[in-house]
Every structure is written in structure tokens, then in C-alpha cells.
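The form predicted on its own is given below as one chain in C-alpha cells.
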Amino acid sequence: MAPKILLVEDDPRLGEQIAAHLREAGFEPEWVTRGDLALDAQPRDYALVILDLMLPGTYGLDVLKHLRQRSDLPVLVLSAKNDTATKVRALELGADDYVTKPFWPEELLARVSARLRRPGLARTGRMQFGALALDAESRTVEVEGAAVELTRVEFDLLLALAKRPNQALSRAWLAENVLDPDRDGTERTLDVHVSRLRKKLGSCGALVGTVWGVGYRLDAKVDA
């Protein structure tokens, strides 16, 4: 079955062109022209979202925030806005990629394909990163075959990074989505949890890398 892609683009001509290129590349595009229509989409129905920002109905960044609150569905932002502040804000809200207009169709298709080749963000079961292994269902972690005892927050933090290996996740997003806002939902507290997690992972602690000015990522080659 062809991967289904939600295209959110209000420009009629550009939307038609993108949808046509996606179909030619073997994808199944579903095209909507308003941000509020994208809010009604069921994330489980799609493999990826291509999202414009300047939309009628609901602004694209608000659509992105809404999607992130519901799922880890990959989102590729496609926008004429090329200022650093907008790009950073989109990444902080959980965008997986950012492509500026105008663009080459081949580049867009390459980025879509590259994103879909990466491990599924909703991936469950066992994940292996060199000597580090974790199982999302049993909530267990091993380093070089030895069990590692983690707290709930430490495991959820590692799992969030493992679902998006080699991709930076912002401190703000991690604090909001991993930590308990009533007890420890601050970025400073997040840094403490990261430090403790690294120590417990021992020889694999260095895999939890710092992305200065953004947050953290799991620097790892995924083993099939």
C-alpha cells in the first residue's frame, strides 16, 4: 500500500504540482487547503504531513503544535518564511524538517523519502543502538547485555530520543512532553534528568548528545 501523505497547502497551483509529484513517486497524497481542516485529520491515517505555514483558518505552527500534542507523526514544514526565528520555532514545536520555497521537487521528494526510511516515531518493541537496547513495551533497557534500572522519567526521556535517532529535540518540547508539569516540568530539571540518565547508561551515556541552543538527541546508528 502506498504511504499516505497529508498535504496542507493553500496555493492551488503549487498544491496541484506537489500532489502530482507525490503520486508520480508512489505516494498517496491527500490535499487540504486550510489549517482548520488539517486539525480534523487523524494522525494514524498518514505516514507524513507536508505543512505550509501561512494558511487560512489556522496558522501552520498552531497546526504543528496540535499534531504534536496528539502524535509523533512526521511533519515536514514547507514555507516561504526563511527567517531563522520561524525555523527555530518550528523545530522547537516538533517539526522533523523545514524546506523553504521556492524549492526543487526532487529535493522535496528526497526529504520525504529520507524521513519515511527512518524508524517509525510510534515504534514499539525492541530498539537497538549499538550496545544500547531498549524495549518500549516492557520498558526495559540494557547496555552491553546488562540491565539498567531507570526511573519513569529517565526511561520516557530515552524513549523520546530513541524514537527520533540523530534528530535534535528541543528542551522545551522534552520538558512539556516527558516531564510531569505538576512536579518537574522545567527545562532546568530536564537537564538534571539527562545528566543522571547519561551516568546510568555508562559506556553508552555519550550517545545522549547535547545540541547547543536547541536541546538533545540520541547520536546513534540504528541497528535493524
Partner chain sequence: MKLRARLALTLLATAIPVIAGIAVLRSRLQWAATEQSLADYALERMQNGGREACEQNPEVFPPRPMLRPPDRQPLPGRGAPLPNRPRLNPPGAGGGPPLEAPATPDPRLSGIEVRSELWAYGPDFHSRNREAPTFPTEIRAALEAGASHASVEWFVPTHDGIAVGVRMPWNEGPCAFVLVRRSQVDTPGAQQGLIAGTAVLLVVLLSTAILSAGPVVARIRALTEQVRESADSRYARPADVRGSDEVAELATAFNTAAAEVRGNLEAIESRERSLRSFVENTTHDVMVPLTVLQGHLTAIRRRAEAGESVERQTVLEALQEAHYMASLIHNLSAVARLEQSDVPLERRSVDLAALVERAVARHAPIARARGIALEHAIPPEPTVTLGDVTLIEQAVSNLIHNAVRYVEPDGHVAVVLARVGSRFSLRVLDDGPGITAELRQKVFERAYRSDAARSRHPGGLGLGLSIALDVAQRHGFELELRDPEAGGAEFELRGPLA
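The model shown is predicted, which means the values in this text are computed figures rather than measured ones. C-alpha atoms forming the largest set that superposes within 1.5 Å between two forms make up the rigid core. Positions refer to the first chain, counted from 1.
Beyond what is shown, the protein has a form predicted together with its partner chain; the following relates to that form.
Heavy atoms within 4.5 Å of its partner chain in the model of the complex are found in one stretch of 19 to 27, 6 to 14, 212 to 220, 198 to 206, which is 212 to 220.
Only one of 151, 100, 113, 71 comes within 4.5 Å of its partner chain in the model of the complex through a heavy atom, and that residue is 100. A single residue from the set 47, 159, 168, 175 has any heavy atom within 4.5 angstroms of its partner chain in the model of the complex; that residue is 168. Although the partner is absent here, residue 66 lies well away from its partner chain in the model of the complex, with no heavy atom inside 4.5 Å. A residue is said to contact a partner when one of its heavy atoms sits within 4.5 Å of a partner heavy atom; residue 147 fails this definition for its partner chain in the model of the complex, lying far away.
Using a 4.5 angstroms limit between non-hydrogen atoms, residue 142 is distant from its partner chain in the model of the complex. Residue contact with its partner chain in the model of the complex: residue 135 places no heavy atom within 4.5 Å of it. Core-superposed comparison between the shown form and the other one: the Cα of residue 214 travels 2 Å or more. In a rigid-core overlay of the protein, residue 68 has its C-alpha displaced by under 2 Å between the shown form and the other one.
The pair residue 110 and residue 167 is tighter in the model of the complex: their Cα-Cα distance falls by no less than 3 Å compared with this form.
Cα of residue 107 to Cα of residue 213: at least 3 Å shorter in the model of the complex than in the shown structure.
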